[in-house]
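Before any questions on binding or motion, here is one chain by itself as structure tokens, the form predicted on its own.
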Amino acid sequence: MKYDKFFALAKERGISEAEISIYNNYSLSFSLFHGEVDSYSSSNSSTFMARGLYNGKMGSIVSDVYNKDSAEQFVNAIIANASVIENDDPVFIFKGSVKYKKISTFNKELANISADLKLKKLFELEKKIKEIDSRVIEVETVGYEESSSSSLIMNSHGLKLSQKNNNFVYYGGAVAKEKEQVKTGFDIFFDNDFNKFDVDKLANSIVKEATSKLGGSQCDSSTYKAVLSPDVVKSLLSAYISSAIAEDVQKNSSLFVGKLNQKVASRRVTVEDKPLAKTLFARSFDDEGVATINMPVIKNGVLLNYFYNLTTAAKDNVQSNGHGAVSGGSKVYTSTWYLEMKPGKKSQDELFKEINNGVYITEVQGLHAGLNPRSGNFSLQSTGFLVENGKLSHGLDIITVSGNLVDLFNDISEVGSDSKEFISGMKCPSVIVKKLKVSGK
């Protein structure tokens, strides 16, 4: 009822179709430094985004308030905004999908746990990190972040959709020193079930991440068989799979132009987008109101689908597969929701045995500067370990890995069983790459 005035006025002023989306967000965060709380904040915010079709163009407005004057302001802004748009892209206010799956990603118990208990766990985490290994000379940071959000989409076609979610994150960073070498380690835990958080497990992971890098040195520059950690696979797959965004394909700025139903990776590679899976990232509809689906992107190395929103789908004369993302205006982008690379059956130790002698790459840095998305060529600073006789040997430091994403994903010969979930909405295992160029000494 609160928004009826907006829809009525929009229709009266010649806006043929209209939509309003309301986003409510709550956040809580605090961090420690040397046993003292050095930051603490909580906030509630709301965002109102209205869109409408006026003379075939999409106008929009974003505001942090909605009051008695907002209907008039929103309608005027939509008309003014639509009147200056010059491109002829097809635009839509969606009438609705036939069916939406019910999804619950909100844990009401999280909000009932006191901030004092959440803070107490953080003090425990800092203390544990200090105690585990004498080589840890500094707890660089520990912190807690919690967020909850709800969204509501309503439009003049009678569509009304809502969803709600929440989660929390504990994170920490440690500095370790051995002789003159200093290294840092960082890790996080995220969930929406507070009972799953294990202080000892996270502290040990953070310390291991820092101390395992000590003693590292450069290897000889050469081409190696390589095992890539889940973290590295996540970074490279995120860049590679973005080539399946339909808008980039339509602009001929994608590695996957003309590649639909063709081989783009090793037959060992299967990647799905799974917004309907039981995860923190589950969602039943996209930002345009289109029902989401679990969708194979690459199956046994063959590219099966592009990611579409309503506009890009219309250009290719297909239906949107629910990947529209609206951010701050009438422009609709495209987003993945929960990408999962199908795991194999071999443990990480079995992958090391399979390559026998090679490298294990645990981290890559500088993707924004070191990767060309159009050619797929990359050159990235990295860390990891030498693998000798099927086992991890000494650490590798100050090395660079280089190659091409298309070649790398076609060179995957084995996929591990050690899948890891990431807060970016991905789940990836380790993989073996037949050859990887490594620059060291």
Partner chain sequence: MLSKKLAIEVLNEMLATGSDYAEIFVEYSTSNAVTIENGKVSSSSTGITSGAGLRLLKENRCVYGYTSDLSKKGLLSLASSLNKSFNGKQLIAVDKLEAIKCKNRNVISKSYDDIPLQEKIDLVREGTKEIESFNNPHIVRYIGNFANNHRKVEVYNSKGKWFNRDTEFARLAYSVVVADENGMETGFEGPGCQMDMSFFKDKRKPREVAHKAAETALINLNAKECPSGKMPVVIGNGWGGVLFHEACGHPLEASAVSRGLSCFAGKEGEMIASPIVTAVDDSTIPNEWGSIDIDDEGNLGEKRVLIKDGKLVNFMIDDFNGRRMNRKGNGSCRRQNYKYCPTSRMSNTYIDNGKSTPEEIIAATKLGLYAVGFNGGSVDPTTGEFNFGCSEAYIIRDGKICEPVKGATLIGKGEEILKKIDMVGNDLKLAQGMCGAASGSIRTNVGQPTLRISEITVGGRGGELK
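Here the rigid core means the biggest group of C-alpha atoms that line up within 1.5 Å when the two forms are laid on top of each other. Positions refer to the first chain, counted from 1. For clarity, every value in this text was computed on a predicted model and none was experimentally measured.
We do not show the form predicted together with the partner chain, though everything after this point is about it.
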The single option of Leu159, Leu152, Ile293, Val182 touching the partner chain in the predicted complex, heavy atom within 4.5 Å: Val182
Heavy atom within 4.5 Å of the partner chain in the predicted complex, from candidates Glu145, Asp349, Glu138, Asp191, belongs to Glu138
Would you point out which of 214-222, 337-345, 95-103, 268-276 contains residues with a non-hydrogen atom within 4.5 Å of the partner chain in the predicted complex? 214-222
Touches the partner chain in the predicted complex: Ile398 (any heavy atom, 4.5 Å): yes
Examine Lys391 and determine whether its closest non-hydrogen atom to the partner chain in the predicted complex is within 4.5 angstroms. no
In the predicted complex, is there a heavy atom of the partner chain that lies within 4.5 Å of any heavy atom of Ser205, even though the partner is absent here? no
Taking 4.5 angstroms as the cut-off for heavy atoms, does Glu209 touch the partner chain in the predicted complex? no
Counting heavy atoms only and using a 4.5 Å cut-off, do Asn195, Leu260 and Asp418 all touch the partner chain in the predicted complex? no
Residues within stretch 338-372 having a non-hydrogen atom within 4.5 Å of the partner chain in the predicted complex: Gln365, Gly366, His368, Ala369, Gly370, Asn372
On a rigid core superposition, would Asn67 pass a 2 Å threshold for CA movement between the shown form and the other one? yes
